[in-house]
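Given as structure tokens, the chain that follows is alone and in the form predicted on its own.
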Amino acid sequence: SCLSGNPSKPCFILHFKGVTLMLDCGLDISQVLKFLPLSVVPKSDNYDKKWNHSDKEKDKILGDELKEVAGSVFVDGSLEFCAPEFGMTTLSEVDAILLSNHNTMLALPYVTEYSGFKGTVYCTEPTQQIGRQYMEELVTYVERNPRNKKCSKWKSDAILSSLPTFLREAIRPTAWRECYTKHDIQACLSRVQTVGYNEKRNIYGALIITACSSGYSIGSCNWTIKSPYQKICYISGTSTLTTHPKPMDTEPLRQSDLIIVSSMTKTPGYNPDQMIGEFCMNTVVTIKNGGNVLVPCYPSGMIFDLFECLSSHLDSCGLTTVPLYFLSPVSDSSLAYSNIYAEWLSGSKQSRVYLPEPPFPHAELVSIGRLRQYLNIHDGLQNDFKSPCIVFAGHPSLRMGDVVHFIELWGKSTGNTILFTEPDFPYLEALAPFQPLQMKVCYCPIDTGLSFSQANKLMRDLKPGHLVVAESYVQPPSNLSHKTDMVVDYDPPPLTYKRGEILTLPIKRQFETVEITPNLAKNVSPVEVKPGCMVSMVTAALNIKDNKYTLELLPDGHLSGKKRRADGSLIREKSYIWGSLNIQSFVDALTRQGITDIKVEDTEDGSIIDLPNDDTLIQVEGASTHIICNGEEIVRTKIRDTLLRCLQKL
């Protein structure tokens, strides 16, 4: 079952071998673009112009829920988020949740704290800690300067259908939810069991799950889900590029019956290396002209690479004194954690630890005062602030966080630049409430996720039996419809998923492993039916416990006496015939029974035995024997019994 409409924020329910798994639990934050920004500085809210509906009756119902800014209409209420379609399943029946990376776990508190979920959550330790940072930052931004008014009247079908397109395109707004709390985060993460790469975990004796490096971010992973005879792989948030995380491990993903793919690149038309180059170049141009640079960002991930590349580029341009400011409620823990997860980093980063040096250059930038971190704009920033400078601040949606203040502060100057590197939000929609804006705008999206060509190459290498991808991955992106190569191409054609859809996966349970107890094994008398293959009849009790199957001796008394049908008649014990018929031995046995004048003719499929005196024809083939008897019944019975005596029985 696919519970998410955004393949970059995935959430699936997988029923496999009697176990129910949730694969990722992503939260689609993009719907906050429908809302007005939360201003950081009190009483700086400049969004007072009410939007008037042309229908006076509907306008009266709406009240002041909607505001108009520069020709666009926004909701003037507390921020809400689009959670996965949890109503499609009974969450209390989910046995385990597998998380791939910090980007795909932000809806987790909605599951663990509000649904009756009783299972276990599995992820790597860095994913748990970085995910905590993302969730705590989100909650802090929402709670710091809350807009306490909850708006719901605009969501009614009668009104929604008559609103401007930007709001009318909202995806199921009635199901949107307010943000969880910090207490929810702590309670939620207490259910997490951390795993290491290639560490096997047993799920109720039915499945073995294993995490392997996906190369996307610190601690990010793909999952293999194995039963004794089937193997499903889940690939989410994967990168084959060389950045700071440990490289992708493809070996565990081979020989899969089925692979599920999600979280491919959101910007297939942009090359990450070129975008980092443009980012550095635009930053330097702005700084040299005396302007400031604003970079909306998340508290972890690509920002570490930006610190490294940008500081190096500034050095090469003689701008070593330009300060870098990093503002986030979790900025201190983000920078600290990045330097203690050496075993989760690339080989070049790991080697620095043994020198010993910090794996990331930003540790040195902090120590010399070139990179300065603050929890918010009120955390002493005004005492150290120097211009021109480069500010990294959240949130990339531009609807909350300190970035809102800097846009209001710098937006009226053409000398300043805002640089978008996070691809989660359309930058023009994000900027809409701040128009008219004078500062320069540069869009340099950096997404290291799998491109279509990388995904196709990877699948040709892994050769899964079947492939399952998002519906949007088998057709070119809407803004690049002429790029027919920007699709996932595989043979057999991939199965596709979309929000609210349930798929039957082409995996059938054909075999099961059954153990035999020592006491039962003593009573088994196997017969060799062909070289290396022995068969025996077994009468036993099948015990099923924790998804393990065991054959045991029947309890005393169950084998005593004859077996009878419901009407009381005896059931004759059945014999199982095996092996090939020796034609000469069969002819000799028939002769001893008084049947003479036997003619044998070899055919392509076996032999034909003709008994002209008894008007009988016996046709012997590899897997069957036919007796065609037009004579007396006693002759047919005699031939049958002779044939059975010539074959081996179990």
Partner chain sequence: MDTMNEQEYCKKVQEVFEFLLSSSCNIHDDTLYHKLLDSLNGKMITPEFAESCGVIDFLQRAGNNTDISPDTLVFAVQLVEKLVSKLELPGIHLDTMSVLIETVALRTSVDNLSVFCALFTTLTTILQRPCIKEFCLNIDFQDILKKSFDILKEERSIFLSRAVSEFICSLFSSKMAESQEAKKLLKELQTIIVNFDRDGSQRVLSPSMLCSLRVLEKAPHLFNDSFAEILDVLIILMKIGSTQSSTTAARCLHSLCLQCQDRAKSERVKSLVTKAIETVDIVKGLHIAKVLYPLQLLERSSLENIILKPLQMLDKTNHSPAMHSSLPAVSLSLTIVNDCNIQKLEACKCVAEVLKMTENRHDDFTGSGCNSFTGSSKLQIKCLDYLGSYTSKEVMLSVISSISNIVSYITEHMIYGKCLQCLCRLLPEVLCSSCYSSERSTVKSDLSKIKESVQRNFCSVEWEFRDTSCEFVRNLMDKHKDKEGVILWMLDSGFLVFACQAVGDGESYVRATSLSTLQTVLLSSYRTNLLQDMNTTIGEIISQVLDVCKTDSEAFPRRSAARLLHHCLLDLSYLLHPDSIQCIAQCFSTSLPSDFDWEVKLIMVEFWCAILKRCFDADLDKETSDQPLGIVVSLDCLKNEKDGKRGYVSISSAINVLLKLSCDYDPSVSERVCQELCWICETMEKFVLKINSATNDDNRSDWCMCAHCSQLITELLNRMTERKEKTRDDSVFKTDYDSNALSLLDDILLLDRSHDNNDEDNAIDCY
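Residue numbers count along the first chain shown, from 1. None of the values given here were measured: they were computed from a predicted structure.
Below: the form predicted in complex with its partner chain, not depicted.
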- prompt: Closest heavy atom of Asp315 to its partner chain in the predicted complex, within 4.5 Å or not?
  reply: yes
Problem - Contact of Asn282 with its partner chain in the predicted complex (heavy atom, 4.5 Å) - result: yes
> Can any non-hydrogen atom of Arg191 be found within 4.5 angstroms of its partner chain in the predicted complex?
Replying inline: no
4.5 Å heavy atom contact, His482 and its partner chain in the predicted complex
yes
Answer key: of Gly269, Gly465, Pro164, Pro493, within 4.5 Å of its partner chain in the predicted complex (heavy atoms) is Gly269
Interface check vs its partner chain in the predicted complex: of Lys457, Arg172, Lys288, Lys200, the one with a heavy atom inside 4.5 Å is Lys288
Here the chain appears without its partner; judged in the predicted complex, the stretch of 203 to 211, 332 to 340, 70 to 78, 482 to 490 with heavy atoms within 4.5 Å of its partner chain is 482 to 490
Taking its partner chain in the predicted complex and a 4.5 Å non-hydrogen atom cutoff, the residues of 263 to 279 making contact are Gly269, Gly277, Glu278
